[in-house]
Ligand code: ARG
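Given next, in structure tokens, is a single chain: the form predicted on its own.
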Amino acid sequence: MLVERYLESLGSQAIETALHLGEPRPAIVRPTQDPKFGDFQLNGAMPLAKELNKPPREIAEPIANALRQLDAVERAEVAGPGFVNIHLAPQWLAARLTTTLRDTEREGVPVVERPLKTVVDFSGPNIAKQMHVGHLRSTIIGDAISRILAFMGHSVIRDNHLGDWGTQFGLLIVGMREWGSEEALEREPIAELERVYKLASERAKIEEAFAEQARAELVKLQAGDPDNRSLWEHFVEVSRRALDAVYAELGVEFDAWLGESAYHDALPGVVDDLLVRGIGREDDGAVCVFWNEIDGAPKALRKQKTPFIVRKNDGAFLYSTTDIATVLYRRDYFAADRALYIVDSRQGLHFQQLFALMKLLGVAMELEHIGFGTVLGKDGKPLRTRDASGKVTTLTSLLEESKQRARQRIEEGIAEGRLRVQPEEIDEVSRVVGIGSVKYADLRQNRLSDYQFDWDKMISFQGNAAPYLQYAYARCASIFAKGGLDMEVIGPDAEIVLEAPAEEVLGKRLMRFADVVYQAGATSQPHLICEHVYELARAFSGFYTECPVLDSEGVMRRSRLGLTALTARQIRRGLGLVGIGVVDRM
């Protein structure tokens, strides 16, 4: 149940009942920042003050009185300049939680009323190159957003827009014929391709004939030469195997792998269309969009001195050209309602120009750039993708280190008696905790913020870190294991009762889950779900300390088991929505 939306509706009715305005007015209900002031705050009286020429508090009091008559409201108090603080009635809250407990499929989260077909464009590594730490944020933020939107009921197409076309493939073709090893390509494909590319690139810088040969092979490839095409397809195939291994480790999947090559044949038509429409024009042999010459261009872009180039003066196309063709494809072939681009914030101007251009072309799709900040090292500077020796810090090596560090912490916990993990379970628990720690350290941040990569804080069983939340889930599961009960079927026999203060605190946190999921999906902010799960784990810790579960009796025992089951399911579901796993024993 969406509590905020429900209270918005009740609040609008209360405003109409109290003030007799003749038409509904927005209640503007938000959660309070401090629980001592209530659970929600209604701010709708403030904007009415000017219209009615009355002090806001004078308007707020009859609204509060109307709210006091409702079953959902225990108390409604006017505060400050005219806010109305709402305290939910425990009995109403308990009844809603009982309904949610029985909803094992969706945990009380409704399906959206207007599902949208949404393309989520994320990750986008280059063929023939290792994925490095720079690919981490786009991959896991994009995956989390895709999971959230799909759970809400949207039709999601996860598209990995690979860098699989361009100048480097001419160098790779001539390089493989000169220095390549088929055996090495099969054994360590990315390492071999990077070795060959480095040799070819260095030689092209000092030997013009070699550089010209590479350019000629690229032209042949783009013209469809069978031998070059076959070699290029082999590069893509072996690269995909390496990429698939990384994505499998991260638990990330895609519905489409449409790289730059998929749109190559459409690029001449894109440029011709811009010229025919008068949106683009030739300038010194290049084709550009000059924003200051276009009626209807956004104000911010009309001041942009650098044009949006769609074809260089040597006839080559650019990322901008490919991106235009990509939007048109997603509109025409996917019939998408919108597309989200999970790309770092530094590309903001590019997407601003792309989206403005698509409007000029009459594309009605919703297009949004979901930007994100930078991963920083301990020195506060952007985390290096290469070590001191110049070697790339691959994503594979980072994930392997995360598992090893998690294993060390788990073995320490076992030795100290804090953790109970069987020897045969250590590998799997280390994997789930290690990978989850890397993901959560990123996803718990507001995506627009930079964050510091810190192994010690990341893999911690205390504080706001994945292991702490995974342990909270395991502790819930252990209660059912100890009682010989099945957590998944506890709901039908339980009626939630909120009597102890800790029960009420936990119940109010549980009731917010659906609103948090919807807000995270609407704003593309996975950190909101992370915050909810962390606060839920803390609330459960207080409940677990103050309220015996298995040692309770009758209605109270069933209720507390129900609260524990709801907590476990929400932790599992919430972490699952951001791509993080749990284990039953820890």
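Computed from a predicted model, the values in this text were never measured in an experiment. Throughout, we count residues from 1 along the sequence that is shown.
The protein also exists as the form predicted together with this ligand; that form is not presented, and the subsequent description refers to it.
Practice task
Decide if the three candidate residues Val119, Arg147 and Ser524 all line this ligand in the predicted bound form, where lining means a heavy atom within 4.5 Å.
Solution key: Looking in the predicted bound form, the three residues Val119, Arg147 and Ser524 all stay beyond 4.5 Å of this ligand (heavy atoms).
Exercise for the section: Could you check which residue among Thr167, Asn126, Thr396, Thr99 gets a heavy atom within 4.5 Å of this ligand in the predicted bound form? Expected result: None of the others qualify; the residue that does is Asn126.
Exercise for the section: Go through Trp92, Tyr468, Trp179, Tyr319 and name the one with a heavy atom inside 4.5 Å of this ligand in the predicted bound form. Expected result: Comparing distances to this ligand in the predicted bound form, the residue within 4.5 Å is Tyr319.
Exercise for the section: Using the partner position in the predicted bound form, report whether Asp323 sits within 4.5 Å of this ligand, counting heavy atoms only. Expected result: So Asp323 counts as contacting this ligand.
Practice task
Decide whether Gln347 counts as a contact residue for this ligand in the predicted bound form under a heavy atom distance cut-off of 4.5 Å.
Solution key: Gln347: contacts this ligand in the predicted bound form.
Practice task
Evaluate Gly163 for contact with this ligand in the predicted bound form, applying a 4.5 angstroms cut-off between non-hydrogen atoms, and reply yes or no.
Solution key: Yes, Gly163 lies within 4.5 Å of this ligand in the predicted bound form.
Handout entry: Non-hydrogen atom contact Ala242 with this ligand in the predicted bound form at 4.5 angstroms
Key = Outside the cut-off, so no.
Exercise for the section: Choose from 435-443, 406-414, 335-343, 189-197 the stretch whose residues reach within 4.5 Å of this ligand in the predicted bound form, heavy atoms counted. Expected result: After filtering at 4.5 Å, what remains is 335-343.
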